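Given next are two forms of a protein chain, the same chain in both, each as structure tokens and marked structure 1 or structure 2.
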Structure 1
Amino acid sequence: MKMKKFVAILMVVLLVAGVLAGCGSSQSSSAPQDEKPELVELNYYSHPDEKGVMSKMIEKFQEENPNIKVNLIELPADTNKKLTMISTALQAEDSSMDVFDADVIWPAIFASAGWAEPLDNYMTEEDRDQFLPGAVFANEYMGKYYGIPYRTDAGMLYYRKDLLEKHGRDVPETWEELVETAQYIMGKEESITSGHAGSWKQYEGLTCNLTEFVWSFGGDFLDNKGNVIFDSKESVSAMETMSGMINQDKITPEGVITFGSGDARAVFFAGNMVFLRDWPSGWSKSQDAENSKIVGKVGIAPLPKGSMENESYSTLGGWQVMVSKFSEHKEEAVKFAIFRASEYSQILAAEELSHIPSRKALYENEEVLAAMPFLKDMYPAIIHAYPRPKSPYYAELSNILQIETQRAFIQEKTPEEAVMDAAKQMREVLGQ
């Protein structure tokens, strides 16, 4: 009898000691000392592993955390395809996806659905202060924080420095100037078959390009109460300008309606185009002689404005790491998410892939600045990059905008009709 009581007490003591030892570290640290801690495997749903950068990060993380193995699941580069695959796993409450990358517009979608683990307990306000405010704000939903930003993004104007110099042209400040300069150079240079392109196929990249045009004419999508205000003359001017570049000005190739960022880059890197709207990640590729014929000939500037009375706008992009509500290894997943957004990981991605950092301090970091010489000048555009609407219905709204914008591009609708129809459908989605 006595013996049984002793064993029971001993077990309680061991259990409590185990729980205490487990606090702040992985579940396996309660294992007896002479046994190897149990290996926890995490599945990380992410981007294609360009230049093996992610594998290198994972290797380092595993060295520092020998009890955690991270399996990288490479999803397609296309943002919309990633969203579908990640949402499918979350909707199915699939516990095999522990941690995943999220575009800056997704935290609100996943948080409102109850699919993401809030990370407030793992990150103090002081921790969050290390990051750019826009990147942090994107991860907030109803007062809680759901993702850790590991990369920010902002739309930029890439231009052929050599051609502008040769023809005595300044970097355009308005879309009108851009059209005029592109037409001029197209008329003078045989190899220049196009003036400008962006990622205008029907996917999220098109919304990012459209938002920049609309804001640069003084228009917007939702007001601060969430009401649709897209049907304005400013939005119509923006839509007319985009469609005009394809159909009247003939500086943007008709094929742009199938261009993702890779396709638009390909024309520019082949040396056949004057201007490109791209993210900073295009920079390292443009300077890699294996992919690009214009190494040393590229400049980067803020995007043009609707007129000299308007402002230039970059769409805020970027990527976060989020932890699935259905993961069975949340603590380890958070550990990895923090590492993915660490200085080490961001410097590596900046050097290899010209991914611009979400951590403020890295804008003073010599390695980062050396990898991206444009970064200092573009800093104001980066910190003022403007967010797309934050809404649980974001994907539906964006989809409407993409479809209607393409209808204007192929002249199935006038720019005005496309704007009005998009606004009407957006109101329906939001029940207004």
Structure 2
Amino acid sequence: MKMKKFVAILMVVLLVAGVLAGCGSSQSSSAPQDEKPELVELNYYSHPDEKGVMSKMIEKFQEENPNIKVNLIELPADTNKKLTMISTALQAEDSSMDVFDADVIWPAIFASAGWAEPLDNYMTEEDRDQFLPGAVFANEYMGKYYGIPYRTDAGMLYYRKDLLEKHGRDVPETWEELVETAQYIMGKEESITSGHAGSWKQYEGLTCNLTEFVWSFGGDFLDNKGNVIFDSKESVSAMETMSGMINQDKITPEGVITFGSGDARAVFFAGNMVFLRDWPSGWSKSQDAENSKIVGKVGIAPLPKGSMENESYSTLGGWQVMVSKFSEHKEEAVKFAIFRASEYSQILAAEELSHIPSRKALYENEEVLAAMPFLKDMYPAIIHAYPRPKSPYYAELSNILQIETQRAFIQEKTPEEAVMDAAKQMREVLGQ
């Protein structure tokens, strides 16, 4: 850092000296017109470079911006570890991190701490309107925007369309119908050992699953003023339904409370389960014969409702790119962030990684639809995906929900007790 400042000062001194020399000379002098601009280096803290897709994006960006070099810093695949590493760098005001990936729930955390650069001066309202409204809303905090969504996600119901057709069953519209259909097919098909699973271990995936159940029954977590409203009969019904799938209905795989998304997929892809709650990124894997025994037998639909009077909801997932408040190259960092969320980048990620675009126009893009044909039909569900509660204390609230939900799963508490205890702890965290 000191060396950079010394070089900058030296350049200024030499420039001033040159001007003074020119003033005392009858000869005119001028700087060379073909000087190359100074090379700016950015450090981008990102997901692991799966299939080399990020390297391709960076190479393309550098071709278009030869004065900017982007160094890819690959973070662990585990989301919690990503958060720890990024938070540590930001808290230390480390200027070496310029641009970074952020989960959909992080913008409020980083913005409230003063660690993220507001992007309002770099992007117009028209620019933001190119993206899905839920994805844009997730990046707003206190009236300012802090991230650019480059990938969205929404919880969806995967189902064995061959088995439903064989047994004359419709895709379930309610959770009750899902349980009944799962039990029926499990009783008819020897190879089907489970009816349904999601990511139900104690981590963020469980919060995503829980929120979908709660919303589908008409419940919620916080009101628009940030007050806790989780302790409702609707939330209790949701918790009873989830716990019942394990303990009374017996349709979940053994050990489901230790399942991340990969574990739930494994059972479904092996051909042993009827339904699966998963993100859209599981689609390409389900159609890969090296990883799946059910290629061509999978359908995707909106998640079930709590009842026919309620609505189907999906938890909004996805990733954004943010710029560090402490970057010394903010203008270049924003330029790369905008490219990271560009149509080029999102089409490439859709084709190679089954990443769901955050740009509305891409849901009619031929290249994207060729890679994921289900997107056109699922667009209404995706555009109405609901963001998790936005709070600077989200991590603490999510952890409470995970712990209390698992206590209901193992019957340490009744579903009602788990809901009430969770709400009480949430109010304590928020000082209510």
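Quantities reported herein were computed from a predicted structural model and do not represent experimental measurements. One-based numbering along structure 1's sequence throughout. The term rigid core refers to the most C-alpha atoms you can superpose between the two forms while keeping them within 1.5 Å.
Asks: Of structures 1 and 2, select the one representing the form predicted together with ligand GLC.
Replies: The form predicted together with ligand GLC is the one given as structure 1; the other form is structure 2.
Asks: Are residue 223 and residue 408 on a single rigid part, or not, between structure 1 and structure 2?
Replies: The answer is yes; they move as one rigid part.
Asks: How large is the turn of the smaller rigid part against the larger between structure 1 and structure 2? Whole degrees is fine.
Replies: Smaller part versus larger part, rotation angle: 11 degrees.
Asks: Using a rigid core fit, what is the CA shift at residue 69 between structure 1 and structure 2, in angstrom?
Replies: For residue 69, the alpha-carbon shift amounts to 4.1 Å.
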